[in-house]
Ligand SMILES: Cc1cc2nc3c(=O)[nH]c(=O)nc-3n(C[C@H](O)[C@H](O)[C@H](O)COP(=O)(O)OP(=O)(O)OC[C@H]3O[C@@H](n4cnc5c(N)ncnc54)[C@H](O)[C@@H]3O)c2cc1C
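Take a look at this single chain in structure tokens; it is the form predicted alone.
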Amino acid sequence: MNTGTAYDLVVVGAGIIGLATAYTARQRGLRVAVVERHAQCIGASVRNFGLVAVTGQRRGEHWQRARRARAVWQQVAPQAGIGMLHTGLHLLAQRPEAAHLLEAFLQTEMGESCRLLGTAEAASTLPWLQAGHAVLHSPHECRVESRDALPRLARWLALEQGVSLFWNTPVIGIDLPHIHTSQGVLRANHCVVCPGHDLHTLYPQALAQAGIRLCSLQMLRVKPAQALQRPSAVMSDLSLVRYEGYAELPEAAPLRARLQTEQAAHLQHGVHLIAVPSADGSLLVGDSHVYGEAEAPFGRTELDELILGELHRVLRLPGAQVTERWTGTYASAQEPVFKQRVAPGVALGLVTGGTGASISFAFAEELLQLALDN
């Protein structure tokens, strides 16, 4: 570490929010360093879907964040050598209450450019989808393979954008212009702290006062016997009562009541379906949501079975096999993001609703401005 270099901004954390903040700062001509306590990004940013989801995000500011972030992803990905694996979303309405909710959703501004496919059109164009009452098609979603995208983004920022990256370097204190790390002291005028799910190292009191806790989730990789044709992200009725853009509409109440009767265990464990195809034809499938004060390190078979049961209720996947299982975790709170100016020139920010990839570059703009404000 060259402690003699002075930076305009030091970013703590090399997850997607930290890297997006570094990119945003370089676009403004700032000298930037990113400091990461691990040898690589291993947190929520690489353990989830890599889905940039717009449709269904909380109405208003958060939905706008997703729209903005998707636009930046589409600019940055080709420059950084990150492939966009597929675009679009198909959400199967398995119940008439779900179809009615989707019809109401389409009447809102959030339904722009989305449409409902009837059963005949869905059967002819999406043969891998099970029968239902209707299918919502959204053209807005896109996806990256997060395990590959995050290292590529970090490498591009370092080699092509002039960002200094310091790995294996925990930050132990911030007193601008000094950022104290395990490897020495960096100097910077401003700092953005993106701690991910580390709630106890930097500014733990601010995070505790915000009521932030941890959400643990289970994920699987499923290999179909044949790859899906015209692949897209797929969701189901359970997603409609979880994603707030749908769930906060009055028409969600009848669906929620029916699901409470028919799939109570799914609701209890926060299970809903997202299935996204990968380049090798496999599907990333999830997920569950269990909340607590610490990460749940061990997966539970019954939760995997709930997820897989919903997968097969939605997709026709004869001969599919699970090839990989893992757990993830992220910071969670009632609001979808947390941001605070914790000291002059220092902004603290977390995505607290599991939508890091979806809003990354937009939220980064907010955090940078918060740190730069006088």
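Residues carry their position along the shown sequence, with the first being 1. As the structure is a computational prediction, the values presented were derived from the model and not from experiment.
The next section is about a form of this same protein that is not shown, the form predicted together with the named molecule.
- Judged by heavy atoms within 4.5 Å of the named molecule in the predicted bound form, the contact stretch among the candidates 167 to 175, 130 to 138, 116 to 124, 254 to 262 is 167 to 175.
- Leu202 is the sole member of Leu202, Leu283, Ile82, Leu303 with a non-hydrogen atom within 4.5 Å of the named molecule in the predicted bound form.
- The named molecule in the predicted bound form comes within 4.5 Å of a heavy atom belonging to Asn48.
- Although the partner is absent here, Leu311 sits far enough away that none of its heavy atoms falls within 4.5 Å of the named molecule in the predicted bound form.
- Using a 4.5 Å cutoff between non-hydrogen atoms, Val337 does not count as a contact of the named molecule in the predicted bound form.
- Contact annotation for Leu207: none of its heavy atoms lies within 4.5 Å of the named molecule in the predicted bound form.
- Judged against the named molecule in the predicted bound form with a 4.5 angstroms heavy atom cut-off, the residues Tyr7, Gly345 and Leu372 are out of contact without exception.
- Shown without its partner, the chain has Val12, Gly13, Ala14, Gly15, Ile16, Ile17, Gly18 in segment 6 to 20 as residues with a non-hydrogen atom within 4.5 angstroms of the named molecule in the predicted bound form.
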